[in-house]
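The form predicted on its own is given below as one chain in structure tokens.
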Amino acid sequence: MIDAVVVGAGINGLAAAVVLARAGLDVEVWEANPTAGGGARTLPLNEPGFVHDWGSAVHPMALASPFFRAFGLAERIELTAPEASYAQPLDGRHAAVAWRDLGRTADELGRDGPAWRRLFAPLAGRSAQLLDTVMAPMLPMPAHPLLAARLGLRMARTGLPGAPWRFSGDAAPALLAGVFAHSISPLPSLAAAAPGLVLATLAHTVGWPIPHGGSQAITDALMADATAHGARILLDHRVSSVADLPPARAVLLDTSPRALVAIAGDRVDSRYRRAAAHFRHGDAATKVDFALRGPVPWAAHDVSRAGTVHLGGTWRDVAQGEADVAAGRHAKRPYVLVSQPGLVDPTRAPEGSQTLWTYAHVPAGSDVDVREAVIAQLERFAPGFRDQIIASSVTTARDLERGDANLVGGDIATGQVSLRQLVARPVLSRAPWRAGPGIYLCSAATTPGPGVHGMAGFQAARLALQDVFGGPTPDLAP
């Protein structure tokens, strides 16, 4: 019998393997795909010489996550945060920009600048404690209660009807809409406000970094550390049941809750099985990746300085697109998230060319090619974009699930971002990773939810060390 098996070599599964292997345990990782990383893989998708992030591309959590801080990710790979974290173009030649410098952002928002500063300054001033708070269960009490209360107040003021905040112009609400829409849920909503405020706070602190060489660099760093400490990673090994695995004292599953129940069967306790049956997946994304002759010809110049761009227009425009998706319709003008990795990483494309990463929000399970709708949104804010295209490739919502079973229906959050599932993900518990004796869920379907942060794997592995092996959390530094 070996000590531990991890099912799934996504970021959370690999984080769990790192913790367990560094604790001196005998660890195997079983991954269904021929490559590790789940949503953090980098692949050639269209033209030779152009490489694209298959899933996630920009990583606000990579420098801020307690796990990655302990792991020393910034010492292991090259991560660069552009001076402009994200931008929201508006019709005409205008754009709102969230600079890493909060003061500069506020100054450029004019009469809405003081309100923007009041919204984010108290959170940005304690961003590390904010991350510690939101990346742990709320039971029995948040890690930093006063800071949690400040976040809750801001959630109410930006996520309830009549939101956002107290702005008089279009630019500041548009900036909020762009970052809140990451949750793929109707606006305004408390559920979208919670992760949106955290992401926007990070934009003014550590920034929104892009890894050189692609998101695969994060995966490779975790794999290298796990294997250096004795873990064995088995690719192309699909698991349908615990009977497929070698006998182990602990099994950690980087899967959806329903897949966990299907694999672990009666080893999952009854409360957890009920929670898995009621767990809800959200709407989806469809990716469109472009090989370009050169940079995007943004009408507003400062957009070219942002690593991430949110396309959708005003708060009202973005909210309409998200409402269409929630109603099961493909929006005529969808919300489109854009990453411009060439801004900081010249390795993604041949000299003079650019790789452009985009996704559009779509209803769950969509197999629609939304390429033309995405190009139309790009043309709306970057006239002449179409002439820059060398090639493009589409990964539909259904394709995303085929490439990573955790992305059910193309749900890139591995579970609907609702108020209930922010608190009870998938169960309301001080240890939501424990699914049964020796069985742990370590995917983004559990606390703290979506994002490339490794925290679900880290917390599940710590719990397994405590429950099964009676050992402390090991040092994770390089």
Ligand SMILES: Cc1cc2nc3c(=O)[nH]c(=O)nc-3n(C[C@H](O)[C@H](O)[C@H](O)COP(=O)(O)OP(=O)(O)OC[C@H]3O[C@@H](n4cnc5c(N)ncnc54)[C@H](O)[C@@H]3O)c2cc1C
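All residue numbers refer to positions in the sequence shown, first residue = 1. Computed from a predicted structure; not experimentally measured.
What comes next is about the form predicted together with the ligand, which is not displayed.
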Original post:
Want to guess which of 169-177, 238-246, 298-306, 83-91 is within 4.5 Å of the ligand in the predicted complex, heavy atoms only?
Top reply: 238-246
**OP:** Name the single residue among 407, 331, 202, 184 that comes within 4.5 Å of the ligand in the predicted complex, judging by heavy atoms.
**Re:** 407
**OP:** Could you check which residue among 444, 435, 64, 27 gets a heavy atom within 4.5 Å of the ligand in the predicted complex?
**Re:** 444
Original post:
Does the 4.5 Å heavy atom contact test between residue 255 and the ligand in the predicted complex come out positive?
Top reply: yes
Original post:
Quick one: is residue 7 in contact with the ligand in the predicted complex, heavy atoms, 4.5 Å cut-off?
Top reply: yes
Original post:
With the partner left out of view, is residue 287 within 4.5 angstroms of the ligand in the predicted complex by any non-hydrogen atom?
Top reply: yes
Original post:
Given that the partner is absent here, does residue 382 sit within 4.5 Å of the ligand in the predicted complex, heavy atoms only?
Top reply: no
**OP:** Using the arrangement in the predicted complex, list in sequence order the residues of 447-462 with any heavy atom within 4.5 angstroms of the ligand.
**Re:** 450, 451, 452
